[in-house]
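First, one chain by itself: the form predicted on its own, in structure tokens.
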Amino acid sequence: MTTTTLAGTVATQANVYFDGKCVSHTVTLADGVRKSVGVILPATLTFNTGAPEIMETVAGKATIKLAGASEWQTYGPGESFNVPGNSSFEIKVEGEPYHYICHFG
């Protein structure tokens, strides 16, 4: 199931990465939990993580390769993937933009 709304405080300044190919906004929920809601335009990018992340696909699709993995896996709406803390992942977005929610921790 895909999350369609989040109730919380939204940071009005965007987080812009990779020359604008990834743009997100931080959402802080009432209980202090922080999430990021964003979009990745068609590109192949590498992200590094500090905390563990769950990347939830809202729209579009992306092909992912986690650090140390040999296989790429594709995720679409309603699917998610886990990224360990202090790690990285490669993401390929082709065609339409990839919309996501990043759940930290």
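Keep in mind it's a predicted model, so treat the numbers as computed, not measured. Don't overthink the numbering: it's just position in the shown sequence, from 1.
Keep in mind that the form predicted together with a further copy of the same chain is not shown, yet the notes after this line are about it.
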item: Answer option from 69, 33, 43, 59, heavy atom within 4.5 Å of a further copy of the same chain in the predicted complex; value: 59
item: Contact of residue 20 with a further copy of the same chain in the predicted complex (heavy atom, 4.5 Å); value: yes
item: Touches a further copy of the same chain in the predicted complex: residue 64 (any heavy atom, 4.5 Å); value: no
item: Residue 87: touches a further copy of the same chain in the predicted complex, heavy atom cutoff 4.5 angstroms; value: no
item: Residue 9: touches a further copy of the same chain in the predicted complex, heavy atom cutoff 4.5 angstroms; value: yes
item: Members of 36 to 54 lying within 4.5 angstroms of a further copy of the same chain, judged by heavy atom, in the predicted complex; value: 37, 38, 39, 41
